[in-house]
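There is one chain below, alone, in structure tokens, taken in the form predicted alone.
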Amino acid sequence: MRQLCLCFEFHCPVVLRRYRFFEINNSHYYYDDQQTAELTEKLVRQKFLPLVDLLATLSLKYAQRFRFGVSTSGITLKLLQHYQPYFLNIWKELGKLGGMEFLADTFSHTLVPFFHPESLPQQLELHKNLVEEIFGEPPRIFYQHFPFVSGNAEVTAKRLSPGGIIAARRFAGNGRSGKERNDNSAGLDKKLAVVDQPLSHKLLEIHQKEHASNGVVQARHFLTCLEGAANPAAPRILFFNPVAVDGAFSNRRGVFWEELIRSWLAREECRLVTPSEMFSGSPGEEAPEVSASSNGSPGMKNFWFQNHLQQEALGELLKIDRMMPDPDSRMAGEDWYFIQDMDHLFFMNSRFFSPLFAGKYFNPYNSPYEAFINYMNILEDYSGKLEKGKPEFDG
């Protein structure tokens, strides 16, 4: 049986306001509410709603045979609750059709727990509670979107998510030898699956080009790539992020998905599975062997701490996280979860200002340095507030 696990990512960033140096220790409100509202509305209208409409259409057409996973941060759900509650209602209606499963994730869209895994339990608990509150069922499979950096963090993650872990990339080994890592994480790979990054990137490339007249041809070509897997018995895990696609998620882009799903399900030996089904298998069947190949380098190359501005800002974030006097304090301030969104680090990457990115992706700043100064001012104020006493919980 050939299994395909499709996962769709949804993320809305919170926009920070222009926070000046003289406001430090005088003003503790950090957000540009108008820009955040406008950006959230735009993302819902142009990208999220068309994709959810497509998923609903496929769910109705193929009933329980169309199955998929969803990844979203708690911060995104909070912003949707506040600014676009009608979209959450539509999303909940999609859930009632069956086949949709949420992945466990950090409450923030953040790097912090992957450097300080002691903060991971609180992040996962907040996220689980919010998903269950909105959609009625808690997530069971953890999506590890960034390699862990410190200690035996992968073992901690396995303990917190016994259902299994989907990793964006293979665990980097945390600086230990391969033998030492294997000794300390025995049995981990039985519940670890890795995203097929090359095919996920190919999905994005197809949508970037938007071959309006040959979406069917593109789908058939992509299906050929799926069939060429080195280990056809291992489930293939694909992630698609509509925010990464230029422009709106148009109906013409949906042609590709409709043809891909139709062609895949038309084959008797092929099925779509949710993340938890991928690990557990069907009743009466043995659990499938889950692919743990890296599909690329396990290195730490990324967009979030390539330059010295990002590295300094991340260092300050981690310093603040270490200042939390006890685990409960991590749950105490909603501000902390909003300001550690890794998009704030993304804006400090000089690539945002290259012709490839300029004008295509939202960025409220005119330069990486402006993004850095604004963010560091906010972190300095928050750090000072934390030193004076625990921040009050707003939510």
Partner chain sequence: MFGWEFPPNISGGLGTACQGITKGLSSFNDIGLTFVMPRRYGNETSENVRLIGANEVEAIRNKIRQEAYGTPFECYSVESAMIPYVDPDCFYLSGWSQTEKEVRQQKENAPPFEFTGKYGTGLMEEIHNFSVVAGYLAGKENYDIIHAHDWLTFPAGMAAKKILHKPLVVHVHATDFDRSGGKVNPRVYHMEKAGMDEADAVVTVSDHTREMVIRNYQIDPAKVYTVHNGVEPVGYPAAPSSSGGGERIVTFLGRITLQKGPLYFVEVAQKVLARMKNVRFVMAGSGDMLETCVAAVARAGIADRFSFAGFLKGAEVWQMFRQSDVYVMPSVSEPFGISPLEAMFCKVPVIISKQSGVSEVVRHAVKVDFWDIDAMADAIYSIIGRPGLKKMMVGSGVHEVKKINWSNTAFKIKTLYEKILSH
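Numbering follows the first chain given and starts at 1. A quick note: this is a predicted structure, and the numbers were derived from the prediction, not measured.
One more form of this protein should be noted, the form predicted in complex with the partner chain, which is absent from this view; the next part is about it.
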Looking at the partner-bound form in the predicted complex, is Y19 within 4.5 Å of the partner chain by any heavy atom?
yes
Partner contact for E133 in the predicted complex: the partner chain, 4.5 angstroms, heavy atom
no
With a cut-off of 4.5 Å between heavy atoms, is E370 one of the residues that contacts the partner chain in the predicted complex?
yes
Contact of L265 with the partner chain in the predicted complex (heavy atom, 4.5 Å)
no
From the candidate stretches 107 to 115, 304 to 312, 196 to 204, 139 to 147, select the single one in contact with the partner chain in the predicted complex, where contact means a heavy atom within 4.5 Å.
304 to 312
